[in-house]
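Quick heads-up: it's one chain on its own, the form predicted on its own, in C-alpha cells.
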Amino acid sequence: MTIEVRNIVKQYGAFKALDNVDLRVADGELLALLGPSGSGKTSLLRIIAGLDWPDSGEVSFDGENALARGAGERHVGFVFQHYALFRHMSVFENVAFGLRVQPRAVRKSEAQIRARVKELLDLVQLDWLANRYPSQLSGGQRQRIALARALAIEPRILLLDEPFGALDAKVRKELRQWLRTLHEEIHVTSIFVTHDQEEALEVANRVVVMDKGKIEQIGTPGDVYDNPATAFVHSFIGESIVLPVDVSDGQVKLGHRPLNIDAGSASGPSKLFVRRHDMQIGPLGEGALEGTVRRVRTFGPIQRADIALSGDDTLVEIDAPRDRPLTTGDAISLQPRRYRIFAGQE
C-alpha cells in the first residue's frame, strides 16, 4: 500500500501544525517521522489515520482518495504510546476485540477469530500470556500486545505514535530490534512517530525530519546523519559542536583566528557544525583550533572531554578514542575532520 500526502495544511488557531507538507511512502516501507515536540509529526500521522482532518490538501492510498473515508474505513492499524489496552479484558480478548466488532457481513467465525489471535500472539512471542490481564504484564509486553491487536484486522497500513516512549531505555532498545525484525516478516506499510534520533536511525528504512510543520529532509538513516541538508537537521540528529564563524573570500575565521577548512558556498556570518567524534586531536599548529582540556570522562572505548578554546574560553565537548589519553590541563589542537558550514545562521 502506497501513501501519498500532497500540500497538507493543518492549523490550530494561529498555530500552523502542518505547512504544505508533501510525502510519499512506498509499499512495504518502514518510515520514521522524526522531530521535536510541536514539529507536526503526530498531526500528520493522525491525518493519515483518519483521526484528524486537514484544512487543505490530499491524502491517497494506492491512488484512491483516503479523505473520502472515515478512520474505520481506511483499514489502518494504530498503536498508541500508552498501549490503550482494555484493562477488564484478557490478553486474548484484547487482541480479538477488533475482529469481534467488525460488521456481521465480514466478521470471521469464532473458530477463525481464535485461530487469528493465536497466530498473532505467536507472532509477538506472547502466546503464553493469553489468559492474563494488562495489569499483569510488563510495559514491553503490553506494547507488543497493543501491536498484535492493531494487526488483528489485517491493516493495509500500520501507524505507531511514539510506540516505545513510555518504556525504559533497555526495553526500548529490545523492542526497536524486535519491531525491525517483525516488519521484515509482515512487510506492511508502516509509519512511526518518534523524537528519539537513535530509534529512527536504527529502525526505519527512511527518515523524515520535521520542524515547525515542515519537512526539513527525507533520506535513509545514513543520508540524514552523514549529509544533513540544514542546520536544524545537523543539530537535531547526533551530538554537534556548533561554532559561530565568519566567511570572507573563501577564508573561514573563528573570531580573529583563520581555520584551515573549506568554506564551501558559505559567505558572511555562518555556523560551523562538527560531530563530537569528528573533532580530530592533533599537534598545535597554524589553522587549527587550540584549547585546554578542562575535564575528562571515560565511556567504554571513548573519552569525552570538555575543551576550553583559546581566545574566548568557549567550551566544546569532544569524543576521542582512549589510545591518546587526555589529562586535565593539556594544551591541544582540534581539527574538524568532517563538518558542514551553514551560511546566514544567527
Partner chain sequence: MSAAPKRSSLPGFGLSMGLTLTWLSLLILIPLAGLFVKTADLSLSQFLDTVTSNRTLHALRISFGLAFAAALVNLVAGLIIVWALVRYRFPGRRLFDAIVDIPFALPTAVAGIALTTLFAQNGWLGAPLASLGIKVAFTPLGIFLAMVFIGIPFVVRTVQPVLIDLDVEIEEAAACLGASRWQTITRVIIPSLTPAILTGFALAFARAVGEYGSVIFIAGNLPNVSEIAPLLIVIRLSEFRYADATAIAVVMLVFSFLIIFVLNRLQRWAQTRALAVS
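Numbering follows the first chain given and starts at 1. As the structure is a computational prediction, the values presented were derived from the model and not from experiment.
In what follows, reference is made to the form predicted together with the partner chain, a form of this protein that is not presented.
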Please identify the residue among 210, 91, 200, 76 with any heavy atom within 4.5 Å of the partner chain in the predicted complex.
76
Picking from 218, 84, 186, 171, the single residue whose non-hydrogen atoms come within 4.5 angstroms of the partner chain in the predicted complex is 84
Though only this chain appears here, would residue 225 touch the partner chain in the predicted complex if you measure heavy atom gaps against 4.5 Å?
no
Should residue 101 be counted as a contact of the partner chain in the predicted complex, where contact means heavy atoms within 4.5 Å?
yes
Residue-level question: is residue 97 within 4.5 Å of the partner chain in the predicted complex, judged on heavy atoms?
yes
Hey, in the predicted complex, is residue 238 touching the partner chain, heavy atoms inside 4.5 Å?
no
Heavy atoms within 4.5 Å of the partner chain in the predicted complex: which stretch among 175-183, 121-129, 271-279, 145-153?
145-153
Is it true that 46, 71 and 135, all three, sit within 4.5 Å of the partner chain in the predicted complex, judged by heavy atoms?
yes
For 243-261: residues with a non-hydrogen atom within 4.5 angstroms of the partner chain in the predicted complex?
none
